[in-house]
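To begin, one chain is listed below as structure tokens, in the form predicted alone.
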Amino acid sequence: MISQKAKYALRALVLLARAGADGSAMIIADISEQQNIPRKFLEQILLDLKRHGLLESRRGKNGGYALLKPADMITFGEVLRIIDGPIAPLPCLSKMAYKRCADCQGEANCEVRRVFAGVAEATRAVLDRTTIADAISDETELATEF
């Protein structure tokens, strides 16, 4: 399950992708109101996304936040890793933060690990190929792809 913070991040990015088709930026208050995200929480999320090179902030009359990377270059997997960390149901399956399970008697013989390895690979495949641009395209097409 993804965190509420990750869900808010994805919703904010989708809104910015829709709004930024013409290169315009959105202020935090508008994003917060349109997506029903608490403003202070949203500020932290947007700063995280900016630090990781997904957003830019602009000052002035037409200021606010805008996508720095094109929507078709931002994957759901990338966003989830930024906000929630590794995408793995078990620590021994993480590619970025591998850690042997404390009660492990041998990964090669672990039936639980073997089953969840398939789950992890399938999940990563979907999340790493689905972009913000995909999310704002024809929803029925997206739903049938997977």
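Residue indices: 1-based, along the sequence shown. Fair warning: this is a prediction, and the values are worked out from it, not measured in the lab.
Keep in mind that the form predicted together with the DNA is not shown, yet the notes after this line are about it.
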query: One residue of Ile82, Val112, Cys104, Ile27 in contact with the DNA, assessed in the model of the complex (non-hydrogen atom, 4.5 angstroms); finding: Ile27
query: Pro89, Pro86, Gly53, Pro38 - the one with a heavy atom within 4.5 Å of the DNA in the model of the complex; finding: Pro38
query: Partner-proximal stretch of 92 to 100, 58 to 66, 73 to 81, 113 to 121 relative to the DNA in the model of the complex, 4.5 angstroms, heavy atom; finding: 58 to 66
query: 4.5 Å heavy atom contact, Gln34 and the DNA in the model of the complex; finding: no
